[in-house]
Ligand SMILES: Nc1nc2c(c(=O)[nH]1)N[C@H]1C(S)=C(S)[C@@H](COP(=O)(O)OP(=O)(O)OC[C@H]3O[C@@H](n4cnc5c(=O)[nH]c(N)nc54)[C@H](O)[C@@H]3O)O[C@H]1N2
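First, one chain by itself: the form predicted alone, in structure tokens.
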Amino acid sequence: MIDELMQLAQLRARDGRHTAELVREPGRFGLGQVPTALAPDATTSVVCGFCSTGCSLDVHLKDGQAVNLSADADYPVNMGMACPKGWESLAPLSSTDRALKPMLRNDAGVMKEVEWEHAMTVFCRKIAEIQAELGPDSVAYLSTGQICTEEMAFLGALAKFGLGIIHGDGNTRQCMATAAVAYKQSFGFDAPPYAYADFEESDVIVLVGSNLCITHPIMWQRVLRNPHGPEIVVLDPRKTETAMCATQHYALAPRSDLIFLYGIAHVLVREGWLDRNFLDAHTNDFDAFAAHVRQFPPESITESCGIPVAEIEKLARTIHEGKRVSFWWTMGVNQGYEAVRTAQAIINLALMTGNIGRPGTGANSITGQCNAMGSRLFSNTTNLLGGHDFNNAGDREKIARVLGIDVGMIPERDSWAYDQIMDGIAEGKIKALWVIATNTSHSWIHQRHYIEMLSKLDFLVVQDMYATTETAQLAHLVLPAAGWGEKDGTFINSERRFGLVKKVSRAPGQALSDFNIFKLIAHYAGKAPMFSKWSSPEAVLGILGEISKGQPCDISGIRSYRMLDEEGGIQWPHPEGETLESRERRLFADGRFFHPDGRARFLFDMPARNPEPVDAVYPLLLLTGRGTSAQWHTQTRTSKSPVLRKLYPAEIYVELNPADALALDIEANEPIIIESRRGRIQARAVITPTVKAGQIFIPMHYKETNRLTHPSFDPHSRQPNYKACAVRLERVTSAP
């Protein structure tokens, strides 16, 4: 933080008395807090800032600045391994297009650099004016799974308790909302039960909608370390890299996974392949579920899912014969119009066979972003801090007591979800939007409509490392933020492990950590006394420990950042007084779940129709997903690395089956047009049998992809349905 203090000292010299007061009392704002001292040429371990695996990297310093890194051989997550993104983690920090100073759009519509004091004054004045005119529902924020847990909590507390902003959501709505809701409803809390060690303990590994080789390559390496010669089962319409390595691949029809999983459950019930002792002692509503799946005998679903009866029965037998069966899913399930019930169909298979709470078992959601778990538990968006409930008076009183604030400052209702915030903008109800560390103009579904909605805003603020993202280009105000490696804090990975992020590089220009931007906003909004205890990220971790006491995610036993460093990260829960007997732990070993009666619940519904099926006009189904382990989401950071850019095509491409290519007279590498009811793009043709006839695949990383996707949502999680919409192809005769 020393360089940040120096930057604000420069502001003082230029901008006068008010900023001078900030620098004269840096402790009030957390700006004088110095991280754990590092020798100028030291090596220190830092958790990676890309995906949810949460690998540890040894960062090598020269003259106090990170110059290189290697994989941490002792960390229980990656054990000396790193993927291409991890090896290139430092490259995005030195990009030449970093946001260096606040930028404000002037009356002529031109972005101009301004000083921090002016930026803060404008931010607070505009938010207050819009709220005064239109009420608390008129301002919203969109957060992220990419910033530190302590920053997420600070943002959520500042926005909702300090600034009176009711509506805030995160881009984790795009990746993990389904899993969070599925777990809450089934288990009573958002609680992924596993440890990565389960990849190595299973004798059957079932991967549903997960191309693990590409999306989470270090987890795939853990699979390859399994000494038991496991059956590796992949459920995926495409012949992905993971499917090619599987012992069983079920290329089911897109979005037929729910009916297929019910068919598997039908066979298990029919044959009596159940763990009756577990069901009777630890679950509710199984008999109703068993009656439900009797409607889905293999003979009646084979046409819908495209899998022969014998293959359905084979998979059911494989699950039955496994002693330690683990079920894993990710975006292929989560990003669907009936995603929650599909995730719960996976959970139901684990429950009915007793495959939970033991090594090598579990119904296991694999997270996407590096700190999506932190967002789910501590961002204060659609949940009150620490997995509490805005609608629960007791929860509100507890949070108010811990934070030392008036309980009346805490909203008594839930926030709108991401898509509802978008609707609020479209309807003119929301006039100001604050976007933090996410590039929504690229990543949100039905992109053209989203960009049109942003033009309706009176005030769009983007807080990001770069002023060049599609969203920042539309902003009225850009706040330059420090990135991973330029600040301190924690991330929580897929297996619930808190890992430590450290400041190993100086942020460029006047960029500040998100934490310190929030401190400045609190000051300029007159809310600094409310956050007097929020002096540093480490202090906030202690506050979150107090907030989490008594919750399933209790972390009151995590006493310091040093403790996290020494222990190799710590999985939640870790309540005060508990002894850490193992570096890897799983939940539900005692068969107790988080509902009041201690039992898990079976949940189910009838399958729904695809909101946009193919037809004569749009005869092909578009699938989207990750294209390579070298790309990340909107490429905001991975595109800054020359090495990573060489590992994936710069130009957008579309994969299609040879039969479809022949029917349309399309040749390999030919530019073609892909059109949906929402947009029209051009891409290079890649002809491959890994995609079935009638389907095409485009990676999600390219900015054009979401011009096509369909704006439909799961009714329970409100997660977008990115994975299946109707399109048609044309040969290029003119520019699109």
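All residue numbers refer to positions in the sequence shown, first residue = 1. From a predicted model like this one, the values you see are computed outputs, not experimental measurements.
One more form of this protein exists, namely the form predicted in complex with the ligand; it is left out here, but the text below deals with it.
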Counting only non-hydrogen atoms, the one stretch of 542 to 550, 276 to 284, 301 to 309, 238 to 246 within 4.5 angstroms of the ligand in the predicted complex is 238 to 246
Answer key: of G625, G156, G569, P230, within 4.5 Å of the ligand in the predicted complex (heavy atoms) is G625
As a check of understanding, the residue in S379, S494, T330, T178 with any heavy atom within 4.5 Å of the ligand in the predicted complex should be identified as T330
H167: heavy atom within 4.5 Å of the ligand in the predicted complex?
no
Considering non-hydrogen atoms and a 4.5 Å limit, does the ligand approach E150 in the predicted complex? no
Distance check, H701 to the ligand in the predicted complex, heavy atom within 4.5 Å: yes
Q) How about L90: is it within 4.5 Å of the ligand in the predicted complex, going by heavy atoms? A) no
- Query: Q185, G362 and S717: each with a heavy atom within 4.5 Å of the ligand in the predicted complex?
  - Reply: no
Looking in the predicted complex, the residues of 425 to 439 with a heavy atom no more than 4.5 Å from the ligand, listed in order, are I436, A437, T438, N439
